[in-house]
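Only one chain is given next, in structure tokens, and it is the form predicted on its own.
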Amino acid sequence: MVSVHLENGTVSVRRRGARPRRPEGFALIRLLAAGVCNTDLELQRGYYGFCGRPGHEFVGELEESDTASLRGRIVVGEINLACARADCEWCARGLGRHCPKRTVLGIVKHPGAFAEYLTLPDRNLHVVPRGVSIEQAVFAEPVAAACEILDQVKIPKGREVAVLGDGKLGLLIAQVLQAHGARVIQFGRHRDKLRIAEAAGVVTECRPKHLPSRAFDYVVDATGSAVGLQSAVSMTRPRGTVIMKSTVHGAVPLNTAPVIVDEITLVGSRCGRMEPALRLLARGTPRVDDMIAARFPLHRAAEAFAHAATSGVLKVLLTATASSR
């Protein structure tokens, strides 16, 4: 079985071992395509002290399962593997994403999706709707992360929202919030990438000389940089809300004085529910096809990571069969 291994910042490919055994309640999934995301790149830089097989954005064909209705279906999956015990306070409250005993696909103690086969619990899986292509379905997990904002923060329709950053997640967030009915203004550095959001009706500003100060009730930091949070805070009105979507390895500098004095709410935001994400993708929102920058087969994973880390590059896909850019 071909699989990807990440250790001490080095991406390598292994060609040994049989298909993984699936425990009771788990499914065996044959990978069709997977996406390299910023979290994977942060793992390569040392985030979590990671060593193992990465990958959590995937779509695959289900080959073996205890659930007969799932066999042969094209699926995506929730990445958090909660303990699901009846005596777990977090699982009982429907917050398995915060279960203290959880593992996380390709991030924490569960082998990731960058392999010909992977396993996940049946309860984590969602069937891809008809009309959503395999490559579009790869985006289900990051689109779900964008939708999570609307589960956490009540943003009135018609209200202005600033999105900082024009990377993969920033573009998805801007389009999801725009589809929700917010009036999104996205600030970025790459005109060609911002055009993707503009096609969805988002107002954009490319490389503004000065970011607006205390101008928005809602600001999303999706810069992926250590300085993005400070910029987001400076753009937020008193008693406004900053949604933090950047995963950065290392410490993030923040002057807490304006947060306290202006009574700004900071909201950490990560994974989301798959159901709204799949509904949006079935409607053709967001415009994910325009975000695919390159495709590599699994055995060229090192090249895929290097390309994904190049400034300005959007989504890089890994496929289980030979493919070319």
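A quick note: this is a predicted structure, and the numbers were derived from the prediction, not measured. Numbering starts at 1 and follows the sequence shown.
This protein has a second form, the form predicted in complex with a further copy of the same chain, left out of what is shown; the following refers to that one.
Exercise. Honest question, do Thr204, Pro208 and Ser213 all end up within 4.5 Å of a further copy of the same chain in the predicted complex by heavy atom distance?
Worked result: None of them does, since no heavy atom lies within 4.5 Å of the partner.
Exercise. Since exactly one of Ser234, Thr247, Thr103, Asn124 fits, which has a heavy atom within 4.5 Å of a further copy of the same chain in the predicted complex?
Worked result: Exactly one listed residue reaches within 4.5 Å, namely Thr247.
For this session: Only one of Val138, Ala162, Leu229, Ala182 comes within 4.5 Å of a further copy of the same chain in the predicted complex by heavy atoms, so just point that one out.
Result: Of the candidates Val138, Ala162, Leu229, Ala182, Leu229 is the one lying within 4.5 Å of a further copy of the same chain in the predicted complex.
For this session: Tell me the stretch among 82-90, 128-136, 185-193, 172-180 that has any heavy atom within 4.5 angstroms of a further copy of the same chain in the predicted complex.
Result: Of the stretches listed, the one contacting the partner is 82-90.
For this session: Indicate whether Ile260 is a 4.5 Å heavy atom neighbour of a further copy of the same chain in the predicted complex.
Result: Yes, Ile260 sits close enough to a further copy of the same chain in the predicted complex that at least one of its heavy atoms falls within 4.5 Å.
Problem set entry | Partner proximity in the predicted complex: Arg270 to a further copy of the same chain, non-hydrogen atom cutoff 4.5 Å | Taking the distances in the predicted complex, the answer for Arg270 is yes, it comes within 4.5 Å of a further copy of the same chain.
Exercise. Might Leu150 be said to contact a further copy of the same chain in the predicted complex, defining contact as any heavy atom within 4.5 Å?
Worked result: Output for Leu150 is no: heavy atoms all beyond 4.5 Å of a further copy of the same chain.
Problem set entry | Partner contact for His98 in the predicted complex: a further copy of the same chain, 4.5 angstroms, heavy atom | Within the cut-off, so yes.
Problem set entry | Contacts with a further copy of the same chain in the predicted complex - residues in 27-53 whose heavy atoms fall within 4.5 Å | Stretch hits: zero.
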